[in-house]
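As a starting point, one isolated chain is supplied in structure tokens, in the form predicted on its own.
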Amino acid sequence: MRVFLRIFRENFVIFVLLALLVLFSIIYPQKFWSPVNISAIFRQFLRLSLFALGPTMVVTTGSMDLTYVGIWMLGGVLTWYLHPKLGSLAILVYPLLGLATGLLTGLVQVKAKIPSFILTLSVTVSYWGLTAWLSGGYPRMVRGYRFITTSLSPYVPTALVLAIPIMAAAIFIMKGTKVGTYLYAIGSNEEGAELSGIDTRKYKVLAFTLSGLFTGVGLIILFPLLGGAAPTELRLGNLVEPLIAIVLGGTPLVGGSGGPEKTLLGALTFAVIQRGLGLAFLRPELVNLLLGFIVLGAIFVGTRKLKGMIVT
């Protein structure tokens, strides 16, 4: 029994995902597995995962990075400004902006000791203000990236294929390199990591830098997929949902465990929940309420309750 509980705890999100797939298949046998709905699940999965992959690296150190929405907003309006001169190459502003944002945020965080939540939220709000000012307060559409938004089949968007190398790179860095090992060590015990000779300040800056870079590279795919417009409104859902994917997947906000592969599972599970509830044609407020309860319950059971049930 104890072994089963340990397996269940360690793979909780997989059991939840399988249970949801069975449940929605029974309730909506035709609609849930339709090409339209599967494509929508993949698109939602891409949005959540490409926003969350980079910040997952920061979360494993015990810090938090909320700059992904700000990079999306400001990078979009800069792409709009540069597109008439640079054409399709204008979208490369995203990885450059992401890299610069991550590096500067990391340096400020380790030197000024500002809580990462407050610091990165402030950066996002500042980018929001810059975006609204540069765009004149209106969303600005950029066209010319249709090769990213087309579909290889009724089920699989091209963007998903393009995103696979990004996902693989994030997993490799965290699971197959010294960098990942050190980031986990910092999240588990920062003082112990320093005593063992790890330059924790350096690797914290590197975590934020990688987060910004992965966000920027991911936004090359996401920007046209999300409409190709620079948004001018900071919405709570865009800020919170990637964090839900991180925690739901099994990466605790205190750091030390989890990782990108867990975030991908969390993103897929949350996408299935959203699309499954969406098929019920409930009022949006009720859907949001149900989503909140489901996610809260899953996070509580997966990260708190079962810990007290297992004695190691």
Partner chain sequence: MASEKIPLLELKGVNKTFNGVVRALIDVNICLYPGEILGIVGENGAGKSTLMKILAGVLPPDSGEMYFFGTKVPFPRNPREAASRGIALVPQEKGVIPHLKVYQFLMLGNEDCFSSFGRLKIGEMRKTAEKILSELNIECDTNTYMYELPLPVQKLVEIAKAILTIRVRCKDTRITPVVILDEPTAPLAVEHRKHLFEFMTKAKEHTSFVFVSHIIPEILGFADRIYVLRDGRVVVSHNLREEKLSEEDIFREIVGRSSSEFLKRRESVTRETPWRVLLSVRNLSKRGSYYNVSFDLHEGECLGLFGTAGSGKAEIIKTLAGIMDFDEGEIVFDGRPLKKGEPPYARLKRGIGYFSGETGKELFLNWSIARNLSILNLEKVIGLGGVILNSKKEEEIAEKVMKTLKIKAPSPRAECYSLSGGNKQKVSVGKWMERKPRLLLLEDPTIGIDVGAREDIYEALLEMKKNGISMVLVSDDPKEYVLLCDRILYIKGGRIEKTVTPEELEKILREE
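Positions refer to the first chain, counted from 1. Keep in mind that this is a model prediction, so the values were computed, not measured.
The following text describes the form predicted in complex with the partner chain, which does not appear among the structures shown.
Of these, 84, 144, 176, 165, which has a heavy atom no more than 4.5 Å from the partner chain in the model of the complex? That would be 176.
Just to be sure I understand the contacts: of 185, 221, 93, 205, which is the one whose heavy atoms reach within 4.5 angstroms of the partner chain in the model of the complex? The residue in contact is 185.
Check whether residue 256 has any heavy atom within 4.5 Å of a heavy atom of the partner chain in the model of the complex, and answer yes or no. Judged by the heavy-atom cut-off of 4.5 Å, residue 256 is in contact with the partner chain in the model of the complex.
If we define contact as a non-hydrogen atom of the residue within 4.5 angstroms of the partner, is residue 172 a contact of the partner chain in the model of the complex? Residue-level check for residue 172: yes, a contact with the partner chain.
Does any part of residue 192 reach within 4.5 Å of the partner chain in the model of the complex? Heavy atoms only, please. Result yes; residue 192 sits at the interface with the partner chain in the model of the complex.
Using 4.5 Å between non-hydrogen atoms, is residue 148 touching the partner chain in the model of the complex? Although the partner chain is absent here, residue 148 would stay clear of it in the model of the complex, with no heavy atoms inside 4.5 Å.
Which one of these stretches, 46-54, 271-279, 24-32, 256-264, sits within 4.5 Å of the partner chain in the model of the complex when only heavy atoms are counted? Of the options given, it is 256-264.
Pull the contact list for 69-87: residues with a heavy atom within 4.5 Å of the partner chain in the model of the complex, in sequence order. Heavy-atom contacts within 4.5 Å come from no residue here.
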